[in-house]
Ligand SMILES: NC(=O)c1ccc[n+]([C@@H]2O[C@H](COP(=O)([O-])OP(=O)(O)OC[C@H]3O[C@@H](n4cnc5c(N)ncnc54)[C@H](OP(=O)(O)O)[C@@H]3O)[C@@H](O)[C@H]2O)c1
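What follows is a single chain, given as structure tokens, in the form predicted on its own.
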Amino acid sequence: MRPRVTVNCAMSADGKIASRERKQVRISDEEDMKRVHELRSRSDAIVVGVNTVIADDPVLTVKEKYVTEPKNPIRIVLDPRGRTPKTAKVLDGQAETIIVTTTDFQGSFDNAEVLSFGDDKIDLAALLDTLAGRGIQQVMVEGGGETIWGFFEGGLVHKFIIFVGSMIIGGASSPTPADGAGFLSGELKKMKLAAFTKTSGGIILEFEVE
């Protein structure tokens, strides 16, 4: 059985996850940050796309500030052409890291395993099958928009959690939680609102994907 996939992200009140120059914007308040790190600690693996690594250089570990006994998930970077910078924080050796590429990439990275799936783009279903074979049951997808879209497009998402912050970012070119081609009107992905929590700086919405 494939791992259960939870997509988690934060967006502005107008549905943007970063500014128009695609730089990270702090949207979550402290209450949501604690929830995010608790979710990371409960997850077996955390997934981001290479554009997120290049733009934001996240470390993708669990901070003791938010979790008493943190457990770092396996860090997985979707990087079809092997563009992850050698100096990226995900290669710092703090946690197990996997760089996922397409089959034509032949390189390697320090402090990371390379797995290859698919020719033109990464085969996410095959990746999840392989992770299942390694005993991974809970996968957290953090972004960016194209990565999140890929999991929704493939019908691989079980839960979608989003923090809506009290700010406006604007911009037609600013990224959204699910960038990419988008569904046609007859293909829209249906979800059920399972829970919501008001915080000091916004609201957390939890959806189960139908």
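Given the structure is predicted, the values throughout are model-derived calculations rather than measurements. Counting begins at 1, following the sequence as shown.
Beyond what is shown, the protein has a form predicted together with the ligand; the following relates to that form.
Contact check for Ile76: every heavy atom lies farther than 4.5 Å from the ligand in the predicted complex. Of the heavy atoms in Thr61, none are within 4.5 Å of the ligand in the predicted complex. Among heavy atoms of Gln24, some come within 4.5 Å of the ligand in the predicted complex. Of the heavy atoms in Met140, none are within 4.5 Å of the ligand in the predicted complex. The stretch among 81-89, 106-114, 131-139, 68-76 whose residues place heavy atoms within 4.5 Å of the ligand in the predicted complex is 81-89. Between the options Leu39, Met33, Ala55, Val164, the residue in contact with the ligand in the predicted complex by a heavy atom within 4.5 angstroms is Ala55.
Taking the ligand as it sits in the predicted complex, the stretch 138-177 comes within 4.5 angstroms of it through a non-hydrogen atom at Glu142, Gly143, Gly144, Gly145, Glu146, Thr147, Pro175.
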